[in-house]
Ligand SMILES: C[S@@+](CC[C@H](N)C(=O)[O-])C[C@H]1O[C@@H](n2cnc3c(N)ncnc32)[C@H](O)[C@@H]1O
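The chain below stands alone and is given as structure tokens, in the form predicted alone.
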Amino acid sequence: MKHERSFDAIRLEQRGIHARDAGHHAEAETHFAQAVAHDPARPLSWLGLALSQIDLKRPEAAVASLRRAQELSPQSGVVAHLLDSLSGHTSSRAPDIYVSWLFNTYAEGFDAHLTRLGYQGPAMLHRLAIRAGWTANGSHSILDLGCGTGLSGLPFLSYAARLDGIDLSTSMLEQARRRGAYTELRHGEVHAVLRDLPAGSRDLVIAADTLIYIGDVADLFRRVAEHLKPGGSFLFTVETGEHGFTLAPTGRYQHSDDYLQACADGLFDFADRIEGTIRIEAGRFTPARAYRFTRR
């Protein structure tokens, strides 16, 4: 009997996943709720229920579901990060397992998803390059931090003699490989990979929608500065915050201008900034900034 109940729970869980992928959030919640009723000991079903409740803008219910998932899987970095984001606790950065889980989940339809959101990250970075007056002569050595499927690197192909990418999601990297735009792709967390790369080797480092999963970016700024040639540029986007860095209910971090300037102090000179919106999510514009700092 227990085996049959577990089988039914798995089947309902899969229905919930498919419904959520299709954007049918109420239907997904129903399937996941039925799954946990059949087998209350499956943390994945509780996580799916929580994600559906987040989609439906019911954070209190989501927190309750996440706490059940945490009881069953206390070491889950995914559950812990989501609980932090909904409870107002700002951690220093998202766990690697959360980032890889998130993007492995969405890799296959990621580009189409971003198109629906009106995603502007790569375009904002490219505008900074145009405003800097750079010539697209294929002479620059460029590193793309959190390259994802490769969308962020595409506007910079004509500038690049070499374009390399780093990402924590193997599924995202597979999509980037299919584009054939990158000289080399590395799997790993950006701080760790930068530590292993030659210092002073790049003209340009770009990071579109990467810092939103790293709250405390002070160490990242140091590593990027070490990696850039003197006078090289660091181009990146952030979601706009008011004070320091904060973890939003979306699971993404927001950064204030003062905080970023403080992280850059002694390493970079401020060169340019663009204010805008980076995506439309749940009918709301997400305020963002794109920055260009130059290595001292």
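From 1 onward, residues are counted along the sequence shown. This one's a predicted model, so the numbers in the text were calculated from it and none came from an experiment.
What comes next is about the form predicted in complex with this ligand, which is not displayed.
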| property | result |
| --- | --- |
| Contact residue in the predicted complex, chosen from 160, 225, 80, 214 - any heavy atom within 4.5 Å of this ligand | 214 |
| Single option in 204, 99, 194, 176 placed near this ligand in the predicted complex, where near means a heavy atom within 4.5 Å | 99 |
| Any non-hydrogen atom of residue 172 within 4.5 angstroms of this ligand in the predicted complex | yes |
| Residue 209: touches this ligand in the predicted complex, heavy atom cutoff 4.5 angstroms | yes |
| 4.5 angstroms heavy atom contact with this ligand in the predicted complex for residue 152 | yes |
| This ligand contact in the predicted complex: residue 84, any heavy atom under 4.5 Å | no |
| Option from 103-111, 69-77, 194-202, 133-141 whose residues, in the predicted complex, bring a heavy atom within 4.5 Å of this ligand | 103-111 |
| Residues from 187-202 in contact with this ligand (non-hydrogen atom within 4.5 Å) in the predicted complex | 188, 189, 190 |
